[in-house]
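Before any questions on how it binds or moves, here is one chain, the form predicted on its own, in structure tokens.
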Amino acid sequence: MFFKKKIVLGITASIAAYKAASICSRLVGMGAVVIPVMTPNSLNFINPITFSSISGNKTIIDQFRNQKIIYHISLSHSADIFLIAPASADTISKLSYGIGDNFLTTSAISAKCPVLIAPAMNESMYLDPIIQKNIQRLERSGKYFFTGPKSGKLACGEEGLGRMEDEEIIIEKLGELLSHNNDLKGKKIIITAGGTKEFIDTVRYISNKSSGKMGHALAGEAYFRGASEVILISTAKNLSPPYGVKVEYVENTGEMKESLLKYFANSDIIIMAAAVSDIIPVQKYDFKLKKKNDILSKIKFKENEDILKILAERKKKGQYLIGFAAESGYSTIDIMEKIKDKNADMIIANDISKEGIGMDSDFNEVDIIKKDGSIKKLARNEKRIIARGIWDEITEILITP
């Protein structure tokens, strides 16, 4: 698991800094290449020579000592995983707000790999509402993961929550994240997102409330898991593009279909998370219709083409096709019929009649329904966490013989 894996080990200003030496030793013993990085204040707790000696690599402290290359970028971009143990309240808060004022914070912020954080501090600091909010902000990003802390005797003499997690659990969590970080290696992914706009005239259109957040979260998670190429075909121009993902913006069904067919043949996994309009205008007028000119008689609609079905007809052996079903209540029987009708491998169903989830929300709650009829329920959570659960199910199927 750890053999030849490049691990950046960040050490911050905490009395638990001495425990990082044991973690470093165990990782090196398992064949990992460990690069120690210390914050300036952590030098008050442990000597950097300790980590240099154990790892066989010079401990990095100074932000601007390396002049030949921008080292915080080259190091973080080449790392397989990033571990900050112990992590102080100060460092957690800086990462939460994107403050890169030392080598550790700048390299963690620029990292493309998962960042595992093991907090260590007094209970009153850990439970402070601001610190808790900062932890939650980092977790929601999908890039940062936390392990611990646990309860016990603290350095100040008090009993409480704040001791750094046991090194066995930290290393176990590190191994889990490493496996996730490579489970889409070599795969080419296409994901659609957002609601299409089908114009009636130059100013009016028919659309839906889809925000595109679920599709964007799925794309970000796919890149995070090591996919060789992630193409996001999205109508949501207002959302920030996920890091490392190629984004093509479209507006209507025709443009989305054209983009999909351009990449479809060479793709491995296709996720249709976009809410494509079920009906479209029979005619689009190249001027604004006037109300006084009997506007209602000029607006007529027809059923839209089914992109998922079109893709299913072209699907080759080895390609995996996934659809979404946003319904106001649904039955498993209906979804299974849809899977059969559209020749999909999986459909993600969500009940949009439930308040606070689904379209235009940051949260979702879904049923993952597979071709064999098995169902996996994902309880209400942030869409990035839901995206992680969906990819867990997809990758489990792909790696099962």
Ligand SMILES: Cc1cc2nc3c(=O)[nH]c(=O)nc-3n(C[C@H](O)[C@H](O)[C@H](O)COP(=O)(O)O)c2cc1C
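Just so we're clear, the structure is a prediction, and the values are computed from it rather than from any experiment. Only the largest set of C-alpha atoms that superpose within 1.5 Å between the two forms is called the rigid core. Residue indices: 1-based, along the sequence shown.
FYI, the form predicted together with this ligand isn't displayed, but the following is about it.
Of the listed positions (196, 147, 91, 107), a single one reaches within 4.5 angstroms of this ligand by any non-hydrogen atom in the predicted complex, namely 91. Residue-level contacts in the predicted complex: of 374, 332, 53, 41, one residue has a heavy atom within 4.5 Å of this ligand, and it is 41. The candidate site formed by 217, 236 and 381 is entirely out of contact with this ligand in the predicted complex, as no residue has a non-hydrogen atom within 4.5 angstroms of it. The stretch in contact with this ligand in the predicted complex, judged by heavy atoms within 4.5 Å, is 113-121, chosen from 316-324, 170-178, 113-121, 277-285. Proximity of residue 295 to this ligand in the predicted complex falls outside the 4.5 Å heavy atom cutoff. In the predicted complex, at least one heavy atom of residue 102 sits within 4.5 Å of this ligand. Shown alone here, residue 385 lies farther than 4.5 Å from this ligand in the predicted complex, counting heavy atoms only.
The closest non-hydrogen atom of residue 73 lies beyond 4.5 Å of this ligand in the predicted complex.
Contacts between stretch 1-37 and this ligand, counted in the predicted complex as any heavy atom lying within 4.5 Å, involve 12, 13, 14, 15, listed in sequence order. Core-superposed comparison between the shown form and the other one: the CA of residue 230 stays below a 2 Å shift.
Core-superposed comparison between the shown form and the other one: the Cα of residue 322 travels less than 2 Å. Once both forms are overlaid on the rigid core, the distance between the two CA positions of residue 87 between the shown form and the other one is 2 angstroms or more.
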